[in-house]
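Take a look at this one chain, the form predicted alone, written out in structure tokens.
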């Protein structure tokens, strides 16, 4: 699959191999692009590798497809592959039918994501090797970078993407029922189009990369470049250092050397690549403690049409309620699919149906892990073993009760509700756990591997725990933090 812009914006990976790259970043989602731009901005020569093709140059909801429920699933299918989360590691589990989705495309999930950008609560960093105070300035920088709108006032934000009197009336109903809510924080730029400024729409790493003045083709001497349709097969080690990344492109296999390698291919792909490269022999903690949000979904029907086409309400978590809710509408009647990530943008003024999602904090025990299938060299050659813990089951039961409470608070009828399997939230974390002690963690607090001198990770694979919030904003903020610290080290 070749995009017409490919000859203009993409680099030949063989040219990258001979360019004397300082940092090779594996992955072009928000973690990879965020880190790449930060590192290049500090004077380093950086190249990104992406296994998928260039398909879109912006988020699917920022262009003409935003309201096309017929086209969007086909766009997803063009770059989608299937994944498996199983309850146990055995031949039957490994051979089971896939039950989840992932995407290989320039921009990763950032060309499809739903837009919700809450911060983790301060308490959510209790298990991390640094706290909320450390993260606050990086959150602020990420929110400015992404053009976050809405929120509860603690975020750097422009006006909410969706906020009108009818939405406020529903929020008031929830408040009267003891369920405080806010206008949803979203990664959508709502600054006015005026005085030479044009708002940027949904945040997407691919559009951020293309706008970056440092980005171009390595053949033309650009400091920041990208090779697409280039699969990282393994890290080639020389003792306790990575001397190259072995890749496949156009049916050929060859090595790309770099001074430092950054893993940013998404949580599970970073873990898979570390395992297939033999790093688990150096550190048995690699691949362990993998988790995902707990996820429940529902459809609610209001007694009346609200007279507005769209709304987006966010119910924050509390100390007693380790889960949050997102409420979207309006629709005649529907059931959300991850393949329709932006269809809600164009609702129905006389619609009465709301989509309800509830995401909760999960636990990740050591036994929750990635298992390779076959030689593990392909992006689909793995599955995840994840068994719900007793605390997960208790949280899921509370989320089910809460779903009914929200429906009652809105005065709505609960038409359908469903608890989704592990992995379906698409907010994975863990597998390359960070910490202050190399005997109990894979990377240091900055995402640098304890046992491999020139290897880092900037995605959610390093997280020891998650909050109830969607992970996109925190992934971006952590990537900014880790890349900034890495740049200072490499410059020194």
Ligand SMILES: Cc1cc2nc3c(=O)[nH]c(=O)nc-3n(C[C@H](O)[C@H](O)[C@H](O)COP(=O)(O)OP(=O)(O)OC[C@H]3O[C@@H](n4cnc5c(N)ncnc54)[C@H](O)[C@@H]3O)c2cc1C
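Residue numbers count along the first chain shown, from 1. Being a predicted model, the structure only gives us computed values, none of them experimental.
Another form, the form predicted together with this ligand, is not on view; read the next lines as being about it.
Residue contact check for residue 110: one or more of its heavy atoms lie within 4.5 Å of this ligand in the model of the complex. Within this chain, residue 105 lines the site of this ligand in the model of the complex, having a heavy atom no more than 4.5 Å away. Though the partner is left out of this view, residue 231 does reach within 4.5 Å of this ligand in the model of the complex, counting heavy atoms only. The closest heavy atom approach of residue 423 to this ligand in the model of the complex falls outside 4.5 Å. This chain lacks the partner; the member of 37, 49, 54, 455 within 4.5 angstroms of this ligand in the model of the complex by a non-hydrogen atom is 49. Between this ligand and the residues 447, 61, 430, 27, the one pair within 4.5 Å by heavy atoms in the model of the complex involves 27. Contact with this ligand in the model of the complex holds for all three of 31, 116 and 272, each having a heavy atom within 4.5 Å.
Picking from 174-182, 214-222, 264-272, 159-167 the stretch near this ligand in the model of the complex, with a 4.5 Å limit on heavy atoms, gives 264-272.
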